[in-house]
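Take a look at this single chain in structure tokens; it is the form predicted on its own.
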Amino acid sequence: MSILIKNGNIITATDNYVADILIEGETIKAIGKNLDVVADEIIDATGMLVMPGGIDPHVHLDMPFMGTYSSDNYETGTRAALYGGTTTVIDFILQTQGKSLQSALTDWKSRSDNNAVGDYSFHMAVTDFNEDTKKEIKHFIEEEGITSFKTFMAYKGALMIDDRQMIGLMQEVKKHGGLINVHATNGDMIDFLIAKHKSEGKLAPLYHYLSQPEITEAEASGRFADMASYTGCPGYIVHLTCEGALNAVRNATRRNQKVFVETCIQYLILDASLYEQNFEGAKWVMSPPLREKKDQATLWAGINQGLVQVVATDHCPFMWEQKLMGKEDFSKIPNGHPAIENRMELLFSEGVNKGKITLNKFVEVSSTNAAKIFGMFPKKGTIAVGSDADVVLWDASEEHTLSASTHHMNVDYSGYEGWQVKGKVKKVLLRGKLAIDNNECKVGKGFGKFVKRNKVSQNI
């Protein structure tokens, strides 16, 4: 099967030009002006932006949390991602303390195999680093193609590891060519503040925010950077939200250190005032919480300064009924926010259209950098001969409204209800197959493939 995309305005992290793209099978065969070829199907992309499929390296699908599961599974979540122009996601496997990494992989594969609509890969979250776990690292990097390992500096008793374990894990991961992702918040301080607020009868969602002040993230980000510097292990801070945390990364650059930083779309455009509307604020209860306007300005600047490389989602949706578990106690609200479908359109509308980032930077932070950091480039993350034909056709001028009534995520509310956006995904190709065509999904459950990843590089 061959497809010829004609006359599109091709945008990559570095390029902006008009040309044709010839796709044969799953990959891009040729790119050029007025290609004189015969194809089974021709798509006229005149007037459209043609960009590589988005990569969201931070999602939680069908994830066990606080006695329930996130409401999007691999079918609904990856399909919703495709509707929004994201063709590949990376989910987090969570090791159960006392059990092996392999058993966690088996558990997650039972939910993902033959269920995904879009392509996917895994990070391995290490919650119990010991001599047995240590022996598994090399196998995961070299055989499974899982080259990134997440650690938590919070959630004591469930997910958190201490600094001693962190150092040991970093040394082993570095040895075999992997990378450490980190949830960088000071768990002990947060636990203290949660207990304090609850003892004072302060139980509304606002106190979720007040239990995680900026210093809890800034301190942990600096401590993580110090440990990564000491071990020489590549480090990546997930969902960084605030000025203090980004300044810790700025400080690390003064000793010639590179720390990768991811923020999420919600931290760029939403703020903590949403927590002031009684229990309705539970829709935005996530960790870390939404921050202040000054932090939004810092993050946009950080993107343009090259300090923030990736804009993800931390997509972890829960139905409103699930959020109600914390009606009487903010600490029992399942943490998470639905955004896998909205990320790219919001980033384009709020970033490109408002002059905060360029088109090339948009592609860089929504796709290319994640592909490079996590060992998928140039198979994913760009439009080039030999790359997977993951292609998004984008109408930059179409205006539309985000709403739970029209989104495809399996969640009964939207964090962006009524939000007006300019820029709309019109067609999405995944590995050379037309997957989304004018708001209709053309591929089914099981079409998505697991992406084995290469060893990582700190030089992007």
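Just so you know, these numbers come straight off a predicted model, no measurement behind them. In this text, residue numbers run from 1 along the sequence as written.
Although it is not shown, the form predicted in complex with a small molecule is what the next lines describe.
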Among 363 to 371, 116 to 124, 341 to 349, 146 to 154, the region lying within 4.5 Å of the small molecule in the model of the complex by heavy atom distance: 146 to 154
Contact test, all of Phe65, His183 and Gly336, partner the small molecule in the model of the complex, heavy atom 4.5 Å: yes
Asp91, Asp388, Asp72, Asp314 - the one with a heavy atom within 4.5 Å of the small molecule in the model of the complex: Asp314
The unique member of Met286, Ala204, Ile137, Leu359 whose heavy atoms fall within 4.5 Å of the small molecule in the model of the complex: Met286
Contact of His197 with the small molecule in the model of the complex (heavy atom, 4.5 Å): no
Non-hydrogen atom contact His60 with the small molecule in the model of the complex at 4.5 angstroms: yes
4.5 Å heavy atom contact, Lys379 to the small molecule in the model of the complex: no
Contact test in the model of the complex: His239 vs the small molecule, heavy atoms, 4.5 Å: yes
